[in-house]
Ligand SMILES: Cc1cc2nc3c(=O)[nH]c(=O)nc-3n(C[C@H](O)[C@H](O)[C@H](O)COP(=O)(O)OP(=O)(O)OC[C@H]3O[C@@H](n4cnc5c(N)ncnc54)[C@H](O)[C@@H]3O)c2cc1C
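Presented below, as structure tokens, is a lone chain in the form predicted on its own.
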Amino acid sequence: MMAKAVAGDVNPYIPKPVTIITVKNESLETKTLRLKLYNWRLSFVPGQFVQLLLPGVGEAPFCIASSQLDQKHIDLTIIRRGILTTSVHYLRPGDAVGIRGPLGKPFPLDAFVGKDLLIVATGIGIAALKSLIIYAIENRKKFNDVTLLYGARFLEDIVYRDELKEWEKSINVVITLSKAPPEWRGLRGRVTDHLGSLRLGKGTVAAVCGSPAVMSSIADALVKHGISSGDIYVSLERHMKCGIGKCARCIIPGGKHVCIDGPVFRVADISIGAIGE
């Protein structure tokens, strides 16, 4: 059952005020904002998102990148790409912004229980999966093997460096760089190059997020490695705009709205081609 915000959130158009309490530099182009909620709670499920409103600039959707156990704060990890996200990078602790949410359909956590969980992220896509990673760690006994396979282009593109070290204490963390420097001692290449070294197949459920083309190739590779398309879930967060199915900018082949029918989709319910759109 999808979680909803508490405290009179009957109008999805009205944002609630929140305050930035910390700004963390994850990489040259990526920051994580921690937002404090006053006099209300945000109850969400990993995979859901909020609309972030910057007065005078606009709004955009971002998946929640924090623990669902903390209903008084949320983290949003944002890469600088356009006018709004560039404005976000000038925000400082104490600044006020607005959020609407939680919105969208999350990961079906009950379907993951008792299985091997493979989380595959590339680039900033790991932000959409961070709350799921945290959930798996906080509920470690609910799962068998839990593996995070994370790929970035350059060493400086890796986000959540501190968290990755902590996560290694509870789950398997595998990092690969497609354009690794000579001093890099880890894996090299794309994430699809290393799927064969993992234990995959029946009993494995996968959660994937990255660029559309990368997600499509990962989903195709996972199927070839024996994971049913019914056990592969992708987050299509990047496709969205308004967040409530009104602007129709996020419709994918098959007529589904990413913001209300997703952003989490089971690959069996959409085409792999639709993922790469």
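All values derive from a computational prediction rather than experimental measurement. One rule holds for the numbers: they count along the sequence shown, beginning at 1.
There is another form of the same protein, the form predicted in complex with this ligand; it is not shown, and what comes next is about it.
- Every residue of the trio Ala60, Cys63 and Leu236 has some heavy atom no more than 4.5 Å from this ligand in the predicted bound form.
- This ligand in the predicted bound form comes within 4.5 Å of a heavy atom belonging to Arg81.
- Within 4.5 Å of any heavy atom of this ligand in the predicted bound form lies no heavy atom of Met215.
- In the predicted bound form, no heavy atom of Ser131 sits within 4.5 Å of this ligand.
- When contacts are judged by a 4.5 Å heavy atom cut-off, Thr192 does not count as touching this ligand in the predicted bound form.
- Partner proximity in the predicted bound form, defined as non-hydrogen atoms within 4.5 angstroms of this ligand, places exactly one of 192 to 200, 168 to 176, 120 to 128, 140 to 148 at the interface: 120 to 128.
- A heavy atom within 4.5 Å of this ligand in the predicted bound form is found for one listed residue only; from Leu35, Ile227, Ala219, Met240, this is Met240.
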